[in-house]
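Listed next as structure tokens is one chain, alone, in the form predicted on its own.
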């Protein structure tokens, strides 16, 4: 059942920055103000709420920000219930956050973020009895419950452009070019950019790879007269099996085979370095490009601007109706309110039978789990 329609809302951006955040702030703000709802901007994510660093936003604040990257409100990865104070102290600041929510006379806290942000928003709502509403943003496109998140299309364009630029130098020098892309738990960005950029090998966190299969694909290309190979590697890509031999108290234990977990290591370049080491015996000249935070920067694409505006406008409509505790999701061509409890903290991973996976296999792209070629 809908509650009283919102008259005053707070809006914050949390987690990593991404293109489209300002467009979403603008979408929520302009639509909310048109419905008579006051909008208060909260700086630097949940930390700004805890520290009561806010200001009322006017129409002028939403002018000229549609095409700009980053976020005018600033962001952080702080959690209200695990707020770092100083260098070594972590404190539960939920009570302070709730008190400031009441002090500001907010009817709802609008949070723009990914799965972690939604999990924190839900925890705050349940612990403090406040209203929250979330919009999905992430360059990884891994938010559960929505077809797509704003920020992904821009990052996909940047990553694809980078792979495009590697083709000419790879062919000129007869090299194996490895480009490491963001995505330490899911591979949507690497899969999309790899396909769009014509990568020959695509390695994802969801499909642990075998070094021999990757090497075989590159050797097969070389035998067919291909002068180069492009490998798109997600930062969370890991080898298929890690064999660990543990010994204790003079007794030799059995080998323990266990899968490496995607996301255990997120050091930039580490995933690419593992692949380089696996290919070293081939004796091929290999070069690595790590895009890193370049993928988060710059102006949002027209698609992300439209998506963020669409989500923001729907959010304002829901706020006016008094619909809280939801994430505004894209489902097909429409926006839908999805209960936050159903999606908060959950990952949307690439399924093994996804159409993009099937397409990659059928055009001969190696996913590292078997020799390249068309497989149904």
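Positions refer to the first chain, counted from 1. Here the structure is a predicted model, which means the values were calculated and not measured.
Just so it is clear, the following notes concern the form predicted together with 6-O-phosphono-beta-D-fructofuranose (F6P), a form of the same protein that is not shown.
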TODO: Using a 4.5 Å heavy atom cut-off, state whether residue 293 contacts 6-O-phosphono-beta-D-fructofuranose (F6P) in the model of the complex.
DONE: yes
Open item on the list: Test of understanding: in the model of the complex, would residue 304 fall inside 4.5 Å of 6-O-phosphono-beta-D-fructofuranose (F6P) by heavy atoms?
Closed with: no
Open item on the list: in the model of the complex, does residue 84 come within 4.5 Å of 6-O-phosphono-beta-D-fructofuranose (F6P), counting heavy atoms only?
Closed with: no
- [ ] Spell out, yes or no, whether the shortest heavy atom distance between residue 183 and 6-O-phosphono-beta-D-fructofuranose (F6P) in the model of the complex is within 4.5 Å.
- [x] yes
TODO: Only one of 199, 233, 118, 139 comes within 4.5 Å of 6-O-phosphono-beta-D-fructofuranose (F6P) in the model of the complex by heavy atoms, so just point that one out.
DONE: 139
Task: Contacting member of 240, 287, 77, 274, with respect to 6-O-phosphono-beta-D-fructofuranose (F6P) in the model of the complex [4.5 Å, heavy atom] - done: 77
Task: Partner-facing stretch of 213 to 221, 139 to 147, 165 to 173, 98 to 106, counted where any non-hydrogen atom is within 4.5 angstroms of 6-O-phosphono-beta-D-fructofuranose (F6P) in the model of the complex - done: 139 to 147
